[in-house]
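Single chain ahead, written as structure tokens, the form predicted on its own.
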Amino acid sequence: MEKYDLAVVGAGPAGSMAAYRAAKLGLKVLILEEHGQAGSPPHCAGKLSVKAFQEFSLPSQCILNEVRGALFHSPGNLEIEVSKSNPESYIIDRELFDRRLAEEAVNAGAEAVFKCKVKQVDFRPSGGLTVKGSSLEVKVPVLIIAEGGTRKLSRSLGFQRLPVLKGIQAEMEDVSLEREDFVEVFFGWKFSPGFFGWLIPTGEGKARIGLCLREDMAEMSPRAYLEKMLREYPPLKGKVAKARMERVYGGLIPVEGPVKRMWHPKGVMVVGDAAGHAKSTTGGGVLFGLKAGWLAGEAASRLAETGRVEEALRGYQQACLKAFGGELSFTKRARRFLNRLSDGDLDQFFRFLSAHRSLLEVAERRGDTAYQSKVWKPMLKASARLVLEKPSTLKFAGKMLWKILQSMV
């Protein structure tokens, strides 16, 4: 049985980044991926912030489109536009993106085995772990689990359960789009209970149209909700009247993370969706998954140098919380606030924002899709000024503040 310094389960962005960083630091790394190649089948909307490309050397050939704004649609067919002067996000070919990251990990020295599903992890009495895959068995001192939203392996090892979003997305051609540099967001409990729907232009009249829902809040399958949204949602149905559906796929997104403990004292770290590193407001998790993968790779290197398992793994969690823990905490509370709003509340909220453009201007100046908490304090200050200038807004502002306070509990 060949020995490695580190095994990584999953060749998604978080797993490949962990393997890349650890291999660069001199570790002998093995990636175990259950599918035939990285990135397949796809599970993601494929919208990634420009900041991620600036922070990491990400493959630019994966970029399909640039977006600089969003159109938000309320359940009552009201619309709000928020835009930036420059692109803030890229729309990427997610399958190619994942393959390139896995290739970079291999080029850095990691080995990868595909079609190898890890079914069991045993803790050895003498220390370390035995990782049992469908085609091989390997002994390692430390394991990084980057299995994505299924979380079967991490749950089997006792990691915390999290609420899960079920997502579905259709890739469509011949969509009638007025602008291809704006995404669209569709709110409404009868179409996407507990979350929202979206339209993401990929260029040349093509778009990804999908939604997520909370299973405990839904009455139908994700596919049934998607078909209903395409057929009935007022701002969308005209756009897709002559469109053709190329393929449909889905996935799971754990939210309200991170898990309370991202490591196991016997030598396991969880990263990305396996650790609940997705933002609860949008379900986006690639950037924080990349950060977590990088930090986990460094922690594995420290463990190899010192042999102090708990110190290295505890350091990984502390570094993650410092890097993006506050953001995850904010988005968890923001999602709880949003889920307290009825369709009528959302329509009222849209009318309020439309009537007071100064608040939207704050969102455009200070908003950040990667770090959404940055807009929180400026929006509170702007709202307070608005109430002082226009006392008539106090009733609605007070209602929203009460729902916000309830979400903090």
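Start at 1 and count along the sequence shown; that's the residue number. Being a predicted model, the structure only gives us computed values, none of them experimental.
Unshown form predicted in complex with a small molecule; subsequent notes refer to it.
Asker: With the partner absent here, would 45, 283 and 286 each sit within 4.5 Å of the small molecule in the predicted bound form, counting heavy atoms only?
Answerer: The answer is yes; 45, 283 and 286 each reach the small molecule.
Asker: Please pick out the stretch from 330-338, 310-318, 269-277, 238-246 that is in contact with the small molecule in the predicted bound form, where contact means heavy atoms within 4.5 Å.
Answerer: In short, 269-277.
Asker: If you check in the predicted bound form, is residue 251 within 4.5 Å of the small molecule, heavy atoms only?
Answerer: Looking in the predicted bound form, residue contacts with the small molecule include residue 251, since a heavy atom lies within 4.5 Å.
Asker: Do residue 167 and the small molecule share at least one heavy atom pair within 4.5 Å in the predicted bound form?
Answerer: Flag for residue 167 set to yes.
Asker: Can you tell me whether residue 23 touches the small molecule? I mean in the predicted bound form, with a 4.5 angstroms heavy atom cut-off.
Answerer: Outside the cut-off, so no.
Asker: Answer yes if any heavy atom of residue 366 is within 4.5 Å of a heavy atom of the small molecule in the predicted bound form; otherwise answer no.
Answerer: Contact with the small molecule, no.
Asker: Can you work out which of 117, 302, 139, 228 has a heavy atom no more than 4.5 Å from the small molecule in the predicted bound form?
Answerer: By the 4.5 Å criterion, the partner-contacting residue is 117.
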